[in-house]
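Read the single chain below, which is given as structure tokens and is the form predicted alone.
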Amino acid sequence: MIKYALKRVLLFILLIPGIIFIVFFIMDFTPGDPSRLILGERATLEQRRLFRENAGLDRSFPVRYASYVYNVVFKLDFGTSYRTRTPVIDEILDKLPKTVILALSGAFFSSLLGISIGILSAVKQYSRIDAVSTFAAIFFASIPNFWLGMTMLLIFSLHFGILPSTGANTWKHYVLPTAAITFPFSAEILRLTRSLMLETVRQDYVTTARAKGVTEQIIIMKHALRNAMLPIITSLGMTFGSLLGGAIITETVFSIPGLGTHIINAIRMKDTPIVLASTIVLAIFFSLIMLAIDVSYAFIDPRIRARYLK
């Protein structure tokens, strides 16, 4: 198990130069001059020249790329923001908690709603509960979260005035953005859970358990759900990774000063160190999530655990 985890960590370290190259290439060859965007139109040519020299933009692309990879891998130095002239990592650590809170809350409530209603829908197949939950899943899965967020803003903030519309100062500020990302993602988990449960409850081992007199609750929770959990856990991991990236849109709609909003502002200003470091941090989070998912397989499926322990 430990050997497998170390291999995954080593593989990610080897992928970091590739991630940096893609973002570096896109940011460097897109139109726009950081000195003009950050200093403004009134800046003189000398001011722009000094800005580019201090930021290292006067060097060639291969030199800047190699220097950045060396600093990140061997010195853990993610550079300095072009705009604020402060260490990038300090800005990210200030913004990241808000994004993580939003993504974790969205993933938690998505899994809670999706799995529980999915199980109920499968157990009560063709009932009114199944019909309503299936319709709700299709409805919310087809709605973009930014549209749902703006609709909630109009109803609960502007019309009723019961919840704040912007910011992230209290738990109330997270209610609407969490709901905006929970319903679409929970709809996907619901449909997946329902289909997997319907497949597992028809297996021979479930029929055998019923013949032995095992209660229906134990059959559903211990036998059927456990064997259906591997694809569900994979979906939950992908959901959390998607929420980390998708939180950018939600943060923009609700004006949450998180990492997503910070990345958008950095892209507009071509603040490449901010975009690079933020991408690396998000990639690290996503890789750790997928590693945790792979390890969790061993605790759910004895066959996988036996293979790990060889």
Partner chain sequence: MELFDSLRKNKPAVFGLIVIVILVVVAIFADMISPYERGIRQNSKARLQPPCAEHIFGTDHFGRDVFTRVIHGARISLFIGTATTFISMFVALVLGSVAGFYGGIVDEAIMRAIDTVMCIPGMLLSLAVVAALGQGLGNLMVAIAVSSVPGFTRLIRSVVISIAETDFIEAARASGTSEFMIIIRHVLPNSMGPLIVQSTMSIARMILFAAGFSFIGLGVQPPAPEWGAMLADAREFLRRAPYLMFFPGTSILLASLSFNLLGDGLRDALDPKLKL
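Positions refer to the first chain, counted from 1. Think of the rigid core as the biggest set of C-alphas that the two forms share within 1.5 Å after superposition. Computed from a prediction, not measured in an experiment: that's the story for all the values here.
Keep in mind that the form predicted in complex with its partner chain is not shown, yet the notes after this line are about it.
Only one of 108 to 116, 204 to 212, 140 to 148, 222 to 230 lies within 4.5 Å of its partner chain in the predicted complex by heavy atoms, and it is 140 to 148. With a 4.5 Å cutoff on heavy atoms, T252 counts as touching its partner chain in the predicted complex. At a distance threshold of 4.5 angstroms between non-hydrogen atoms, L158 is in contact with its partner chain in the predicted complex. Shown alone here, S60 lies farther than 4.5 Å from its partner chain in the predicted complex, counting heavy atoms only. In the predicted complex, its partner chain sits within 4.5 Å of a heavy atom of I264. Proximity to its partner chain in the predicted complex, defined as a heavy atom within 4.5 Å, holds among V295, V9, I19, I289 only for I19.
Shown without its partner, this chain lists A122, L153, I92, L236 as candidates; in the predicted complex, only L153 has a non-hydrogen atom within 4.5 angstroms of its partner chain.
Core-superposed comparison between this form and the one not shown: the CA of R210 exceeds or equals a 2 Å shift.
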